[in-house]
Structures are given as C-alpha cells and as structure tokens.
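Look below for two forms of one protein chain, each set out as structure tokens: first structure 1, then structure 2.
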Structure 1
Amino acid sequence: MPKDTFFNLPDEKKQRVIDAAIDEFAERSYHDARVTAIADQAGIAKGSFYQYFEDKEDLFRYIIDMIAEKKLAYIDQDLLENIEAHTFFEVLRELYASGIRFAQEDPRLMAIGMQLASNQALYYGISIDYMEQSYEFFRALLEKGMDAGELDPAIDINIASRLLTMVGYSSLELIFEDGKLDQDDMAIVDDIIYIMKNGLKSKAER
C-alpha cells in the first residue's frame, strides 16, 4: 500500500507518478522495470519515491489494483445492475466488449495485465486474486444461465468459468496481435462468441 504521503500529493503530481509507472511497467517486465526511470519520468526525486511507496513491489501492486478497478469501470454499469434482464450471451458479449474498449483506450494497461496473466509463477498471489474474482463472476453468471435454461446442464461450471476467463484474455491478445486495428475488433469478438455459443460442430451433426 502506498504511504499517506503519496495520497496527500496534489492530484497532478500523483497522476504523473502513476503515468510514469504505467509507462515503465508496460514496456518492461516487473523485474526489468526501473524505479529510476519512473522517478525520472515523473519528475520526482528518487528519494521521494521511497517516501511514497514501500518499494517497487508496493507501487506495482497499486498499479495492478488500479488497472483492475479501471477495467471493471469499462463494463456497462446499467447492464451490470440489471443483469437479470439480459441473457447469458448478452452479458458475455458485453464483458468481452468492455475488455476490448478498455484495451483500446490505454493499451499500456493491457500490456501490464497481460504480463500478469501469464507470469503467474512470478506474480503468485498478485495475479491469482484477480483471476479468482473473474472465475467467481463467471461462475455466478453461468449458474444463472443454467437456471434460466440457457446453457447445457452437462457443462462443468468450474471449468467453463475458467475457460471463459481465458478466452476473454485470448480475445484481447488476438486483437492486440492483429496490430492496432480498431475497426473490426468487435467483429472478432462476435466471431468468438459465435463459436463459444454454437460450438464448432456443424449443424448437420447436431
């Protein structure tokens, strides 16, 4: 947790520090990121850094938290609040879509998230928490969908919740990889949703 000194900072300065940190962590892995570079870019003294944060990890966790929070905010809040008014697949589409909007708005944040998502070994405990949250969310969603008769009851909800989490991340990677195309991104989501929805099997075989 950042120290009070950090939270007492004028907003503008606080923002400078956050921005610098995001830039650095987006470009280099956690271990490779340099406190010096962050302090420099933020225009603060290296010593001040340690007046604001316990150490590098402290800042890193804070940034991760921020990202998680920001990502949540990208989800259509109306839909979230009236979640029962929507079908499972409507919600799923919005979740994936929000991920994409988020990534497009600030690709740096996604780059950091991506790093986390994979380097579990490295960030044990940090990333796990967020994953877990996502699982929970999907689990609840799946249960609701199942209760509503929208989903195949034979599906293992534990597995499916994890799969949906991963597929969500994968969509982001797909879009990121395709360069920075913004035009067809939602089309990609829809293609993925289509597959997840209808399965791969040909209609004839169903």
Structure 2
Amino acid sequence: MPKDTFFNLPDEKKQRVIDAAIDEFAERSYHDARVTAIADQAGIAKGSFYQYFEDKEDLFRYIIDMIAEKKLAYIDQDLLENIEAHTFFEVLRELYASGIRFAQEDPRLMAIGMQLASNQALYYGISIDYMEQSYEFFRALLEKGMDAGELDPAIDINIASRLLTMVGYSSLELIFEDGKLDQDDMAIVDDIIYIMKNGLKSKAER
C-alpha cells in the first residue's frame, strides 16, 4: 500500500502521479517501466517517489487495486442486486460482458491488466487475494446453480470455482488476441459459455 504521505497529497498532485503511472505501465512491460519516467511526468523528484511508495511494485499493486475497483462498476448493478432472478450462465455471461465494456471504455487500464495476466511471477504475487475473492464468488454462484437444478450436483464446487477463475483470466488473451474490441468478442464469450454449459462430449454421448 502507498504510504500515508501519498494519501496526504493534494488531490491534483496525487492524480498526476496516478496518471503518470498508468501511462508508463500501459506503454511498457512492468520490468521496463521506469520510476524516473513516472516521477518526471508527474512533476515530482525521484526521491519524493520513495516517500510515497516503497518501490515500483508497491505503486503497481495500487494501480491494480484501482483497476479492480473500477472494473466492478461496469457489472450490471441491477443483475447483482437481483442475482437470484438470473441463471448461473446469465450471470457468467454478464461478468465477461462487463470486462469487455470496461476494456472499451478504458483501454489503458485494460492494457495494464493484460500485462499482469501474462506475467506469471507478477500475477501470482499480486493476484492471490483477487483469486481467493473469485473462488468465493464462484463457489456461491455454483451453489445457487445447484440449488436451482441448473448444474450437476456431482460437481466438486472447489475445483469448479478454481477452473472458472482460471478460465476467466485465460480468456482475456483469447478475447483480445486480435488487438481490437468488437462484436466478435461476445461471440467468443458465447463459445466459451457453450463449452462450459455442454461439455466436450458429443450430444449422442451425453
């Protein structure tokens, strides 16, 4: 977490640091991102940077926390508030759709999120808390689906919640591998959900 000295900055100066960090992390890999460049763009001394953050990773973690919070706002709030009225797969599709809406609205933040997903060492170091939250969310959603008779009660909820989390992160690369966001992306989402819903067996085998 940033130090108290950062949170005590005037809002305008604090925002300059955040904007400079977003620009640098969106344009360069984490390892190539430069504290000096962030400090220069924000109009602060490099020494001041270390009065606000422990190191580059501390700042990166803060930006990732901010991205996670902003991304939640793109989920249909009516659906979340009335989740009992929606099927398991309707909720799952909305989670994917909200991610695409978020990426369309703020591609710089999405670029940073993609960077995290593609860097395993960084991913496991920073994302562990988010993964645990995701497991819990999917466990509750899976239980709801089973109670409603939508899902196979023989499914191991712990395994399924982890698989759904991993598929969610991995699907980012699949959805954005063409380097653009368009209507085809929801077609990919629907294909992913089709496979989840129907499995890999042929209809005759099922």
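Here, residue number means position along structure 1's sequence, counting from 1. Note that the structure is a prediction, hence the values are computed from the model and not measured. Between two forms, the rigid core is the largest collection of C-alphas that superpose within 1.5 Å.
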Displayed copy of the chain that is the form predicted on its own: 2
Rigid core fit then residue 108 CA moved by 2 Å or more between structure 1 and structure 2: yes
After fitting the core, residue 158 CA displacement of 2 Å or more between structure 1 and structure 2: no
Residue 143: Cα shift of 2 Å or greater between structure 1 and structure 2 (core-aligned): no
Core-aligned CA shift between structure 1 and structure 2 for residue 46 (Å): 2.4
